[in-house]
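As C-alpha cells, the next two blocks hold two forms of the same chain, structure 1 and structure 2.
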Structure 1
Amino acid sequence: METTPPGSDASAAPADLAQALTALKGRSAIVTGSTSGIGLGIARALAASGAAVTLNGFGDPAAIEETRRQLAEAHGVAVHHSGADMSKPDEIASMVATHAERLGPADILVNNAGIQHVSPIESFPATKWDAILAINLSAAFHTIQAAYPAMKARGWGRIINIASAHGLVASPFKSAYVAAKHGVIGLTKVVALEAAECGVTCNAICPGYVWTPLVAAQIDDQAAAHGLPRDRVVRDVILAPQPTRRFATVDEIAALAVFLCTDLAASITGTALPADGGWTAR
C-alpha cells in the first residue's frame, strides 16, 4: 500500500531535528552587503551552520580581510569577499561567476545589500531614487537571474531577500526605500512561483528596526525631516511604530535566515516574513 502522500519524499525527512537545523555543511552562500549589520550577521550564522560564504560589500579592506579570516577560522569553512557594486549588473554577474569557480554554484543567495535616504518627496534627489532602486531592488533581480539557473539544475536552492516592514507598510519621507522594498516582495513571490517545483524556495524577511549603521545614519535626517531634536528621534519616530519598543537584533534576523535555508523550511516559499516587533500587526 502507498504510505507516502503524493508530492512528499519520506527519505528526505530529517531523522534528527537538531541536525537538520545545522545542516548547511557542504552548501555555499552569497550574502550581498555582508561587511556590516544584518548581512554580516547572516553570513556569520550561515558559516556557523557549515556553509562556505562569499561576503560582499564595501568598507576598509583590512577590516574586511580580518572579518573574512575570523569567519573562516572560527567555523572551518571557506570564506571569500567580493567587492562587487550591487548597482552594477556586470559586477553582479562576475561576483556570482567567481563564487561558482571558487566554491561551486551558490546553493544559497541572500539579497541583503541596501541603502537608505530620508527626505520629503518634493526634495527627494532623483540620484538617490535611482541608487536606492538599483541597490535595494534591481540588484536582487540581477543576482537571482545569475544564480537561479544552477540551483534549478541541481534541484535545490534557497533565495532570501531582506526586505523590510517597509515592504509591507509605508512611512513618510522614504519614497524610494518603500517603493523598492514593496518591489522586492513582489519579485520574491514571482520567483517562488517559478521555482516552486524545482526544490528552490524564495522568501522575503521583513525586519522592523534593527540597530545597525544604516539606522544610526538616519537619525540626523529624521530629526531634520520631522523637525525634532536628535534625542527624541529614536523614541518618538524610530521605535514609535514598533510595539515591542525595542530594536530587533541582527542575531534574530540571522536565525530566521538560517532556518529558511534548512530542509525543514522546504514548504515556506513566496512569503514576506515580518520580524518587526508587531509593527505590521496593527
Structure 2
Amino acid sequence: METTPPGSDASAAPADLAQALTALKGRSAIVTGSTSGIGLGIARALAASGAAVTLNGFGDPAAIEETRRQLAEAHGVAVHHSGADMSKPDEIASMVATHAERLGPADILVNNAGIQHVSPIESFPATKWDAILAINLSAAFHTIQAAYPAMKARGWGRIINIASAHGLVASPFKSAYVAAKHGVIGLTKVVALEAAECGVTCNAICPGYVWTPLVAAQIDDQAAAHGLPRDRVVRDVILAPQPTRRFATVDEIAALAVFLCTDLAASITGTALPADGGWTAR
C-alpha cells in the first residue's frame, strides 16, 4: 500500500522539529533592514540556525561592524553587510549579486526594510508617499526579481515578506503604509503561485506592535501629545487595537521566520500570517 502522498519525498522529511530548526546549515540568507529591530532579530535567528547572512541597512558603521562580527563569531557562520539603499533598484541588484559572489546564491530572502509616516490624506506629502511605496513595496519586488531565478533553478527557496497587521486592516492617517503593506501581501500571493511547483515558498508575516527601540522611543512622544502617563499610553493608545494588550517580541517574529524557512513549512506558501495579539481577529 502506498503511504507517501503523491509528489512528496518521505526520505527528505526532517525526523522532528528540533532537527528541522537546525536544518539551515549551509544555507544563505539576505535580510533587508536588518541593522536593528525585527530585521536584526531575524538575522540573528537565521545565523543561530546555521545560515550565512547578509545584513542590510544604515547606521553607525562601527556599530554595524561590531554587530556583524558578534553574529559571525557567536554562530560560526559568514556574515556580511550591504549598505544598499532599498529605494534604488540598481543597488538592490548589486546587493543580491554581491551576496551570490560571497556566499553563493541566496536560499532565503527576508524583505523587512520599511519606513513610516503618519499624516491626514489631504496633507500627506507626496515625497513621503513615494518613499514609503519605494522602500516598503517596490523594494520587495526588486529583491525577489533578483533572487528568485537562482532559487527556481536550484529547486529550493524561502521568501518571507514582513508585512504588518496594516496589510490586513487599515488605520487612519497611514495611507502610504497601509497601501504598501496591502500590496506586499498581494505580491506574496502572486510569487507563491508562480513558484508553487519550484520548491520555493513565499509568505508574509503580519506583526502587530512589536517591542523595538523605535516603538519604545515613541512612548514619551505619545505621552506628551495625549497628556497621559506612559503606562496609559502603552495600554490605551499604542496597544488599544491589540486584544492581548502586550507587545509581540522580536524573538517571536524571528522564530516564526525561521520556521517558515524549514522543510516542515514546505506546504505553507501564499499566506499572510498574523502575529498581532488578536488585532485582526476582530
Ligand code: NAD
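Here, a residue number simply tells you its place in the sequence of structure 1, counted from 1. Keep in mind it's a predicted model, so treat the numbers as computed, not measured. Rigid core (definition): largest C-alpha set, two forms, superposition within 1.5 Å.
- Where the criterion is the form predicted in complex with this ligand, structure 1 meets it and its counterpart does not.
- Two rigid parts of the chain rotate against each other between structure 1 and structure 2, and of I64, E194, H80, V210 the one at the hinge is V210.
- Once the larger rigid part is held fixed by C-alpha superposition between structure 1 and structure 2, the smaller part shows a rotation of 33 degrees.
- Core-based superposition between structure 1 and structure 2 puts the Cα shift at P229 at 8.6 Å.
- Note on V215: its Cα is shifted 3.0 Å between structure 1 and structure 2, core used for superposition.
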